[in-house]
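Given next, in structure tokens, is a single chain: the form predicted on its own.
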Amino acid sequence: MTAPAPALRRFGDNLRAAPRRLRDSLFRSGRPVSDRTRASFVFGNVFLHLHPARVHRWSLRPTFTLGLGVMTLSTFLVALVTGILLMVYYKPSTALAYDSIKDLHFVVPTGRFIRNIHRWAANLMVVGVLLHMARAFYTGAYRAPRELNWVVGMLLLAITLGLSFTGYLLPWDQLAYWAVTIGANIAQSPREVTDALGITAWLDAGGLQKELLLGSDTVGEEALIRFYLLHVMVLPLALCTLLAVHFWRVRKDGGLVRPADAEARLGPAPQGTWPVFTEAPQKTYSLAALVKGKTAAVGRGPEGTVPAMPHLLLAESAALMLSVLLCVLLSVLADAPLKELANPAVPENPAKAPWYFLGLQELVAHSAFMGGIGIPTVVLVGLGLIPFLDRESEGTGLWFGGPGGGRLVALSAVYGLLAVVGIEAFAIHYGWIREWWPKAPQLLITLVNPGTVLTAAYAAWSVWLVRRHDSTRAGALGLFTCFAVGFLVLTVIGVHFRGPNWDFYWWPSQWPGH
């Protein structure tokens, strides 16, 4: 029997060595057991390279970040994966959309469960991005050099709401149809002003906005196709692009914000922590290494940091698993709603927007333009200007840091609660200008309504805080807290206490019979 040819022997040796060589090609720097190999592990991974090589111990404290950023990203990934699965069966047509959703519910194996997870992931993503934005504000994470990332975060919030809203129409049931109809009417609300001025025939901004949104004058086939395209392609691509910018800026701006005395506040590292960076290293040995000194972006050295691998990756993995678990548990406990087939001839009463827009719908009930466009625009512009108006440094990196601190935030929450409850109670019990003066000019109704009065009250409180504490940060803390409380209260009223004809009812059992 002849010996195998050398080429065949080499082929066999290469075949046996293939698994090891594949592993070596994936983990070129070897096992992450040193500062150098741990840094190279992060730099050499396409999914991890946006992470820093090291992360400060302050940023890993669960009570500081609450894992909200990772939770938001995790729920987006869950919604993305389940959305792709749903696309296999969904048909974006007014004639077929509702039946395809019914097939998912009653025919496709695990179809209802997948849709439930998708729905809950989308809702948790909205909650996550709102809370993450609040965390960034209350810890001063918008301050220099992080102004741009704050603006990027606001754009991510807008896209998140857009994703959720465009997905709302796709089941093509009564709930979806009339919720989107409300949104379209809000888009058309500038006509409230142009009609009052008598210029709608020449400048119909509201009609243009509605037509751009729906592709027509009514919610129909064009709107469904347009929403489907936005939901599955345009908005996800925009979100992924801005997410990359957002993560990149976090790293370029020196990581998560932290106070100047973070090391002193933390104290010594607990037992079992991977080596904490000290001033011991005196030289460098590769691009992945660390050198003694300070960087322009951070303004401080790397003392007090630990390797991102494994500390940061383990923390992110824990937040990811918790988010997925929460999506699954909620999906088991509550199904995604599906009402009757959409029928333009039978309006829902009450017709309600998605829950995250019900605070606006409460304001829209008094003035469509100010509630749907005017006040939200003022709020968004104000939020965008905060990093450029607050140039102070006191309290950066601390919860409720700044003049007044937690006590100021608590007082602002109480003031915001009393103001919104008082104005809403007055409007519900006594009505407003239209009920008192039926022939009142429309511009007066637009400019003076519960929403504008509430906004003015919150602005006055903010100005008083600025003067009281001689601090822009104090005014920002008060104003943000007031609007957060007002949004919460108005949302609760819209969800639980508004019934047919948008009248106020303490309980659904009080609704009039048919």
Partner chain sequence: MSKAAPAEAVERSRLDPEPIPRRDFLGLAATWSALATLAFAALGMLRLPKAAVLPSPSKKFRVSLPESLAPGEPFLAPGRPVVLVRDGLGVYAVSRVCTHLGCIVQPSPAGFDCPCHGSRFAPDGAVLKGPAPKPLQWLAVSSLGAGSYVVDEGAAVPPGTRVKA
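Positions refer to the first chain, counted from 1. Computed from a predicted structure; not experimentally measured.
There is also a form predicted in complex with its partner chain; it is not shown, and the following applies to it.
- Proximity to its partner chain in the model of the complex, defined as a heavy atom within 4.5 Å, singles out one entry of T377, S216, S317, T241, which is S216.
- With the partner removed from view, the residue among Q442, T194, S393, S93 that has a non-hydrogen atom within 4.5 Å of its partner chain in the model of the complex turns out to be Q442.
- Judged by heavy atoms within 4.5 Å of its partner chain in the model of the complex, the contact stretch among the candidates 326-334, 243-251, 186-194, 157-165 is 186-194.
- Not displayed here, its partner chain is approached by W502 to within 4.5 Å at the level of heavy atoms in the model of the complex.
- Using a 4.5 Å cutoff between non-hydrogen atoms, R112 does not count as a contact of its partner chain in the model of the complex.
- Although the partner is absent here, P350 sits close enough that one of its heavy atoms falls within 4.5 Å of its partner chain in the model of the complex.
- Among heavy atoms of E211, some come within 4.5 Å of its partner chain in the model of the complex.
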